[in-house]
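Given next, in structure tokens, is a single chain: the form predicted alone.
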């Protein structure tokens, strides 16, 4: 039986959940489709970061700053809407502490922080003598430190579930185990719905929020976008005493790793993976230790050599971790885009098709501002940030979109999985 909705959202990860909530709150009839269980893919393999510290001045930082402003409001609203049904989303504005371990790293971190401050980011240089007071267990061999009080963290699956629960409260429907098979078009070629494994869904607006699979969905619907999966891995330690790590702490080279969209560099020649030191606590007690980035298509195998490098770098920052057991490791796929900006907005090639994807490793943090921007564009309201840098057919993606480069799930030849 055919079903109708004002808007169909493809993908029930945190981006799709946040968009569904925003649109349902504007009294739109919203249906969310996911081929699997909600929040079971990229969202379930993230660290829950809400960061401004790792973003250079520009459109992504603007979106991040909007999200940092919106998250506390969303948390409060979720509490009011869901009451005792609200899962503990572990909202924690713990702040970030970015450190350098070399003289060159210190100069780069200082310059990066100065540029951020000029845009209004609260980036506080920390005297090295004050660092032990912030992180008593951090190595004394660091050369610079900058504190970012605005950085925060949530438990990503719980946050996505809460956003979906709120969307349902506002009238949205969520259909899991429902895969999209193809487009429904009218005579003009405009998208008017999707065929799914549960039957046709008729709608004037289809929002592609399928994360790393957004490239596949876009091709299926006739408007390819260059979204590629970017593999990442994280170690989880045994529980440690509270306050062992008080902030999200990472080496300044993490910023360069995040921004490197190629996935290959001098450091990657052995394993094909970029790695950097990121250490943070969780409410449950274990530490999350990351991270890595690698283009290997949807190859989901864990690489011991990459995990070993992640561990070694973490011990360099926190020497005491050498005696803390690792209890498990996990990996996931981030939705990467060649110019490292999300793709947000209508697709001019196929009227009726919209995208909200390509957030790479920042989807948790950017979700609420992305959702607000999508709602404002669809309803033609003043936008929370300038949407033009995120449009699907922007110049930065023109080459990849026209040639199909980057519009692939396969690993690059230089980073092929062994």
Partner chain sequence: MREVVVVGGGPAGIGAALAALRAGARVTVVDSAEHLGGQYLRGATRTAPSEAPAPPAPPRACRTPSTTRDRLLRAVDTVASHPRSTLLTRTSVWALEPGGHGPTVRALRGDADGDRTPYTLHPDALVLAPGAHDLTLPFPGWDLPGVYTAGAAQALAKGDGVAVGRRAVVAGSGPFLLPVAAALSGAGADVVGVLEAAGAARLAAGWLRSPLAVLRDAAADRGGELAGYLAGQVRHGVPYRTGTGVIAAHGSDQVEEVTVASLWADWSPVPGTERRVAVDAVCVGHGFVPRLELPIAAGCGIGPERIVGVDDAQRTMVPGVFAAGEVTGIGGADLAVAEGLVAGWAAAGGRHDDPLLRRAARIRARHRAFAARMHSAHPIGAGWTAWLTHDTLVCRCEEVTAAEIDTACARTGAGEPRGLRSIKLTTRAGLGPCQGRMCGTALTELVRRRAQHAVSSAPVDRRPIAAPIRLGELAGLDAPCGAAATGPTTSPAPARETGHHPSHHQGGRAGARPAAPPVRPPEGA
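Residue numbers count along the first chain shown, from 1. Quick caveat: nothing in here was measured; it's all calculated off a predicted structure.
Only in words, not in the display: the form predicted together with its partner chain, which the text now covers.
**Student:** May I ask whether 102, 125 and 340 each come within 4.5 Å of its partner chain in the model of the complex, counting any non-hydrogen atom?
**Tutor:** Answer is no for this spot.
**Student:** Which listed residue (346, 110, 95, 87) meets the criterion of a heavy atom within 4.5 Å of its partner chain in the model of the complex?
**Tutor:** Going through each option in turn, the one that passes is 87.
**Student:** 117, 216, 309, 246: which sits within 4.5 Å of its partner chain in the model of the complex by any heavy atom?
**Tutor:** Going through each option in turn, the one that passes is 309.
**Student:** Can you check 174-182, 206-214, 187-195, 128-136 and let me know which stretch has heavy atoms within 4.5 Å of its partner chain in the model of the complex?
**Tutor:** Flagged stretch: 174-182.
**Student:** Is residue 202 a contact residue for its partner chain in the model of the complex, using a 4.5 Å heavy atom cut-off?
**Tutor:** No, no contact at 4.5 Å.
**Student:** Considering non-hydrogen atoms and a 4.5 Å limit, does its partner chain approach residue 281 in the model of the complex?
**Tutor:** No, residue 281 stays farther than 4.5 Å from its partner chain in the model of the complex.
**Student:** Does any part of residue 326 reach within 4.5 Å of its partner chain in the model of the complex? Heavy atoms only, please.
**Tutor:** Residue 326: yes, in contact with its partner chain in the model of the complex.
**Student:** My question is simply whether residue 151 lines the interface with its partner chain in the model of the complex - judged by any non-hydrogen atom within 4.5 Å.
**Tutor:** Result no; residue 151 lies far from its partner chain in the model of the complex.
**Student:** Across 205-243, which residues bring a heavy atom to within 4.5 Å of its partner chain in the model of the complex?
**Tutor:** Result: 235, 239.
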